[in-house]
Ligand code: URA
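Next up is one chain by itself, shown in structure tokens, the form predicted alone.
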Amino acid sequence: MHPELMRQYLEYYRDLGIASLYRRSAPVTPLATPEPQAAESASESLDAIRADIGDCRRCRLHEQRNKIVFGDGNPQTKLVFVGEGPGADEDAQGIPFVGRAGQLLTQMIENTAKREGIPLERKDVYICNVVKCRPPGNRTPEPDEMETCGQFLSRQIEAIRPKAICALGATAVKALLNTKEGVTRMRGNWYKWRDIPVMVTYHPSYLLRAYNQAAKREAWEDLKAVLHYVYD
């Protein structure tokens, strides 16, 4: 209200003998009590996932296996390597990548990190496979076997939430990226599993073959790229 008009009103009420005026307050709206926020459900632990697998008999791979090969490494890592499936040595020990291919992978990780000035050992990353039981004769896992075990691979990755994934070979690429594209054409490039970057490279068992010397150099370049992306 204009000050002059307000003065006139006050004088009018004073002349009527009204000494005090009270302004009606606007109704007070009570502050809304915040509803308690439901805490975000923490990602399930790797131990819980392993317990859920149990003595798995969900597919035919259990028939000839010795041990379930769940995964190995640091659950708080920024980098996860995904391979195809256990071989004979892995089936015997219950640890992924401990045979010849696994020893090569360990050397690749540690030697490349050392050359690039990155303080990293195998124990600092996490390594797992698409299927957790050894396929008979080390054959390629069948689509239904990959689908059955794929749920556990997805849960492992979600539990760790790494900065990047390194897909080793065609089976890992197919499981993670749902593509039939060849590794030779895809390697060295970045893709996405959900929102996590994926670097594609060769499986170490492929690199053990004498005629694949050029592929070793390419795999080294791929590993350099993923290590610098994750740890720089």
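Start at 1 with the first residue shown and count on from there. A quick note: this is a predicted structure, and the numbers were derived from the prediction, not measured.
This protein has a second form, the form predicted in complex with this ligand, left out of what is shown; the following refers to that one.
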72, 75 and 161 all contacting this ligand in the predicted bound form, non-hydrogen atom within 4.5 Å = no
If you check in the predicted bound form, is residue 187 within 4.5 Å of this ligand, heavy atoms only?
-> no
Contact between residue 203 and this ligand in the predicted bound form at 4.5 Å, heavy atoms?
-> yes
Determine whether any heavy atom of residue 97 comes within 4.5 Å of a heavy atom of this ligand in the predicted bound form, and answer yes or no.
-> yes
Going through 72-88 from first to last, which residues have a non-hydrogen atom within 4.5 Å of this ligand in the predicted bound form?
-> 83, 84, 85, 86, 87
